[in-house]
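The chain that follows stands alone, in the form predicted alone, written as structure tokens.
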């Protein structure tokens, strides 16, 4: 299966919801088939509803602050030499990260479906923070499921969620991180789907949730496409779009509008979490794993042991600390449209130090993984190559970790 022109990738699945015949699908309990089908029917209508799209665009612009900046990192470029380094500063969005795009769309869908409550999962706390913000904006009750480990390391975002009136449900099972939070959120929705709309925080889960999130975050590349053409007059001959990859929402949104360009002109590079340098654990199934497994309702590449059990991950970045990845990214890897690599915790911290030293930019630990790859690549390339990093989150949520590891924030 190749990527077809003039058809969005989120729609290029077969009748069973699989991309490339093997990634995605709907591995859900019988009790969820009806609410999932209802959501599929509703979303199909809303995507073509001019009033709904106008409403979405209104809140993206007037509440979230879209479009976000596209800037050249002059000092970092001059220091490294070689390729030009630019940043799409998506962290300018209200709330500090790209997650607000998906959360806003989900709350608008909840309102249209007559639901009074929303529930969601979160790792870094950004998906939860943004959902709590949107729920408050649109008058909805909100429950956020979050691993106990992540609650401790992402305190600023937890404080924001509570301030917005959301209830945080700590998850103590498993690794007490994002993977367990998603599982518990889905269990809750099974019992409450009549009154509650579920917002999956990334391009993961059953087919419909992958599509809603991908459709929402594609706002990033819609803006970037226009900004590049305005800056350069055209799409340059050599562009490399670098993005961190956990579940894969910001990266898909960053790449979507450029999907049909030849990869020799516009290359997609996804950077996963390689974990601590001295540890065997990581959160990089696309880079280091090649096994397909079922996780949270979808077939995907996952970290798993020889018995097929999901392995625990480890990463300094809570937002990338996930053993699976979006079916869309699995498809992009298999078709070789995107290339994937990984950065260690230590490389991400070094990148954060370098970026903040030379630029007035404070990326969270998630995009710091992407900056680490940009720092490696730039000196090897000529000045005609344009490297663009999606700075998809700000470092405010990571202040405690950065103080502990670097002695400053």
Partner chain sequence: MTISPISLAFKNCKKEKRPALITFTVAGDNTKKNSLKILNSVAKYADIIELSFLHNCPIADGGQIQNSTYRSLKNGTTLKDTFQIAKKFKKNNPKKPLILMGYYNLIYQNGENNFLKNCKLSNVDGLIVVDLPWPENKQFSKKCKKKSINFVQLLSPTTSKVRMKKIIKDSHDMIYYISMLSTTGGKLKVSPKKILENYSKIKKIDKIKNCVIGFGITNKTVKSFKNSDGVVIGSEICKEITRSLNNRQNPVTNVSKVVARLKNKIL
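Note that this is a predicted model, so its numbers are computed, not measured. Positions refer to the first chain, counted from 1.
Keep in mind that the form predicted together with its partner chain is missing from the display, and what follows is about it.
- Interface membership of residue 379, defined by any non-hydrogen atom within 4.5 Å of its partner chain in the predicted complex, is ruled out.
- Residue contact with its partner chain in the predicted complex: residue 296 places a heavy atom within 4.5 Å of it.
- Remark: residue 58 does not count among the residues lining its partner chain in the predicted complex, judged by a heavy atom distance of 4.5 Å or less.
- Contact check for residue 173: a heavy atom falls within 4.5 Å of its partner chain in the predicted complex.
- Contact with its partner chain in the predicted complex, judged by any heavy atom within 4.5 Å, is made by just one of 291, 152, 163, 237: 291.
- In summary, among the residues 94, 227, 84, 304, the only one with a non-hydrogen atom within 4.5 Å of its partner chain in the predicted complex is 304.
- Per the 4.5 Å heavy atom criterion, its partner chain in the predicted complex is contacted by stretch 180-188, the sole one of 180-188, 276-284, 210-218, 137-145.
- Annotation for 16-33: interface residues with its partner chain in the predicted complex are 16, 26, 27, 28, 29, 30, 31, 33 [heavy atom within 4.5 Å].
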